[in-house]
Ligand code: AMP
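Let's start with one chain on its own, the form predicted alone, as structure tokens.
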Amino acid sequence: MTTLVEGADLVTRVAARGRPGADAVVGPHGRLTYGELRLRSAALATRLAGGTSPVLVYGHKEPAAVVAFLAALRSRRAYVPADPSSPPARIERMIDATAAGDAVLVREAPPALSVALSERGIAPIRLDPLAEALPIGDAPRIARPSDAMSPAYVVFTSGTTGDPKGVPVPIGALDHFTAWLTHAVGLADDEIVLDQAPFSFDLSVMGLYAALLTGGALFSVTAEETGDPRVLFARLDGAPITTWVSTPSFARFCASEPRFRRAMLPRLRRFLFCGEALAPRLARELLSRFPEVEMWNTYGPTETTVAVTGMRIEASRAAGERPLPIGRPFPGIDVWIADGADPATEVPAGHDGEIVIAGPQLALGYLGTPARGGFVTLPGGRRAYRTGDVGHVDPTDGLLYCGGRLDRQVKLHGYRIELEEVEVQLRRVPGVDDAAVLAVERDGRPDHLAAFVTGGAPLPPSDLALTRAARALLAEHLAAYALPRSVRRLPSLPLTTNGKVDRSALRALL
């Protein structure tokens, strides 16, 4: 397997195999071949070679974004994906947190982001969707070596203070993950991989490298397409996709279309799910529609590089209503169920506890505060990550199960959201005194957010008008997936006997 440590030029070997004309990225913006990807990423790397700080890449599914990612890796710099679904204020905080020295815009930036870049002395590099305007040139020779602890990319997760948390993922961690992905899953040469998740969501890492490391193509589907089912299913109908990478939620959405079955995706070999729990009912439905297709269930927080456990789900295992296992740890990864008070103390098999992860896929920490949050140092100096997820090990077969969150963090359609972050932003809305946010479940899984606030003028008089006004203001600071579907005003928030917000009482009001 080609690894990133051996060289960030992932595409040169593919182009050198006599296939420079093979597609590397295919999407509504056009096609980019391996030969074009190699030459254009080399040309951009020449422009980035003078710096050492991370490179912000702003866009959504344009092939030029992949050019920028590879150019950053070639120039020994981490890339920082920023999606247009994130408000400029959030991206501005990302720039400051990473101390990004360059920005590559593959989509027109909103005025607020352009101003933020200018104020920081960053002259952005603007690329068309296919990066056609880049001059052709050879990749620069970089004196500083790439090592396993150098950051490959930085992605951001939700934060309890209202600020996003930057997670730098080192090259060695990405190498370890892609080694499992290409070998254990059995990826073949020339995989055509569905690319649906925004590049700012680390699930996209699974699809991107599954395609490039096998010499295959990334089949990109944009948010605009998924927003119009007629357009989406027209793109998917007859598509040559061999590996489907998405959250279960996106597959559930697609399964609402009766035509979503083998005839629509005749070359499909496997589903690769990550980002949220896979429900047995969905697994059964998909396996009945695609009886010859493998289904893989994987698990892992952003802080541990996409996924650290996984297994193939057979139809027989999905036959009942019992939650599906998340599998076994990848080789070299240690996952155990710990006592809540001590992450180093393992509870007996069959008992619930907190899932803790150690091994080569751990991120470097959080930018500015490597030891903050779930990153801990165990006796003996070993680093580990406390996931905040409840789990247990089945004593009969040793398989791992994940049972949700210990804290108030939720997974909504694959995106990890700190409810406290949404509450922080709600309290900044003029007229709001206090706020509480709940995740509303449907069919046993989070479906949307509902908010309750207290306060007075200038809040709108009706809950409908309040919801519209609050969502408009929140959209300046939160990604679209973190916006509450409803905002309701109460005279006061109900409290428990110990003085905390009574969330059970709030849930009864829904």
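Being a predicted model, the structure only gives us computed values, none of them experimental. Start at 1 with the first residue shown and count on from there.
There is also a form predicted together with ligand AMP; it is not shown, and the following applies to it.
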27, 219 and 246 each touching ligand AMP in the model of the complex (heavy atom, 4.5 Å): no
Contact assignment for ligand AMP in the model of the complex, among 164, 301, 329, 170, heavy atom within 4.5 Å: 301
Single option in 383, 270, 405, 284 placed near ligand AMP in the model of the complex, where near means a heavy atom within 4.5 Å: 405
Per-stretch contact check against ligand AMP in the model of the complex, the hit in 271-279, 178-186, 104-112, 257-265 (non-hydrogen atom, 4.5 angstroms): 271-279
Partner contact for residue 250 in the model of the complex: ligand AMP, 4.5 angstroms, heavy atom: no
Contact flag, residue 411 vs ligand AMP in the model of the complex, heavy atom cut 4.5 Å: yes
Interface membership of residue 416, ligand AMP in the model of the complex, 4.5 Å heavy atom rule: yes
Ligand AMP contact at residue 297 in the model of the complex, heavy atom, 4.5 Å: yes
Heavy atom within 4.5 Å of ligand AMP in the model of the complex - qualifying residues of 187-207: 201, 202
